[in-house]
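Given as structure tokens, the chain that follows is alone and in the form predicted on its own.
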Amino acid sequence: MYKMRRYEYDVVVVGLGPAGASLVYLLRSSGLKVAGLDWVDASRVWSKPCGDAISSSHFDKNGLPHPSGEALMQTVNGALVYSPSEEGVIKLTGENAGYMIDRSKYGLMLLREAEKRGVDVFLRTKALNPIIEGGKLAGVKAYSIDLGELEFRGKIIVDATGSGGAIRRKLPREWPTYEEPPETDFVVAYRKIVELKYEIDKPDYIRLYFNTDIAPGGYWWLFPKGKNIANIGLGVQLGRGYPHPAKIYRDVLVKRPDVGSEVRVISEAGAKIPTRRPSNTMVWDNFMSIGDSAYTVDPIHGGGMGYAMTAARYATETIIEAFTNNDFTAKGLWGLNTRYMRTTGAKQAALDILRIFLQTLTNTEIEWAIKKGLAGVEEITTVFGEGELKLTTSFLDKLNIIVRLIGKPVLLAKLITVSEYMKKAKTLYINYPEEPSKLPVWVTNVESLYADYEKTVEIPF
């Protein structure tokens, strides 16, 4: 009689994108028996469509190697943000350089380094279902193209499978890990990596274009990966009945000379991407969720690589703590929640408040804001750096700012309200509960805050 292969591990990581690959890399020296599995082959790790841009600071603070060699495509020294007419442009620079990377080559490098230190990597292996025994998560069932049907057992199972949450969404619905965010908290993105007929001016600057006629509820981008190679794509908010971004790309963007001047298409893909606050809880008994599966993303631009790396670092610290204490319950794994929610999660929640507001703006309002400099360096640096919109009295009292705001009192009033709710959201997450028993009350408070905010700012449902 056929017998399914069964593997026993301390930690099983399902999904080896930015979150999962970072986690197995960081766990490589922990002394734990670790397995990582993903359905893609070696040429397609980290294959989810993305802008491929990431700040260098994420590598230093999370203990990951900087991209180099074939994994490094282009150094990024700044960004150009364009108004709908493209007559208004904001130039952003920062202290930390960034990179345009070859995601697959960088991700594969992390996996190979993890394997050298004893991590077992199973590619071409798809997780099918969680194994629930005695009301607890005991492992996952999987299918390998090379090995057939498999069982992976572990004390901690980590879902890093992306926004689909291949394991999380199949856990019992009475567990607090189950959530169903509205479709409007997601965008569907489509991008091509293309070789162009012309040389890109200032290839060390990425370009973001805000235009609700082209990318409603999102934006479109052109990110150079060298002098004549670029990552070009767009994200469109779900749940509003907008056209698919692939159609918009074909019908609108390719008619532009900077986009349509293709020599060849290197790759193209689409995906559903969260643009919201993190999951209410990233853990439960024997379970963790990181990356897009736990909605650890920047709500404004949808970038997830840096947030995924941060979540992986906090998960590593929590896993080592759990094995030290021999406690794999929700309480024993709660450290991932408190570590992430009170820092990056608090910033993310505040930016989610801002994201909801920004998605209501018309092209006319966006044009005005960019041309007047309201979305200028000081404001954007503050928002993206700290998760706050500091429209304080002293700030607004500056004569040049007041001059900018003349003629838009309604928009100003809304911005002040948005600022207040951003602070409230950030405070809620900084005060994330110490233990699982206090989670329901906290969730109720978060949901009440967002519901009140959407009514106050008149967000359309």
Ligand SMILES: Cc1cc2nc3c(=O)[nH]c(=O)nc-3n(C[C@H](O)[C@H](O)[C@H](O)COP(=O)(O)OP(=O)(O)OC[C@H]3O[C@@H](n4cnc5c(N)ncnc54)[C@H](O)[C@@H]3O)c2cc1C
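Each residue number is its position in the shown sequence, starting from 1. All values reported here derive from a predicted model rather than from experimental measurement.
The same protein has a further form, the form predicted in complex with this ligand, not shown here; the description that follows concerns it.
For the three marked residues, Val81, Ala350 and Ile370, no heavy atom of any sits within 4.5 Å of this ligand in the predicted complex. Residues placing heavy atoms within 4.5 Å of this ligand in the predicted complex fall in a single listed stretch, namely 268-276, out of 67-75, 268-276, 360-368, 342-350. Among the residues Leu415, Met422, Leu27, Leu37, the one placing a heavy atom within 4.5 Å of this ligand in the predicted complex is Leu37. When you look in the predicted complex, the only residue of Arg207, Lys225, Arg168, Arg103 with a non-hydrogen atom within 4.5 Å of this ligand is Arg103. Heavy atoms of Asn337 never reach within 4.5 Å of this ligand in the predicted complex, leaving it off the interface. This ligand is not shown here, but in the predicted complex it comes within 4.5 Å of a heavy atom of Lys126. Using a 4.5 angstroms threshold between heavy atoms, Val297 counts as touching this ligand in the predicted complex.
At the 4.5 Å threshold, heavy atoms of Met282 stay clear of this ligand in the predicted complex, well away from it. Of all the residues from 15-32, those having a non-hydrogen atom no more than 4.5 Å from this ligand in the predicted complex are Gly15, Leu16, Gly17, Pro18, Ala19, Gly20.
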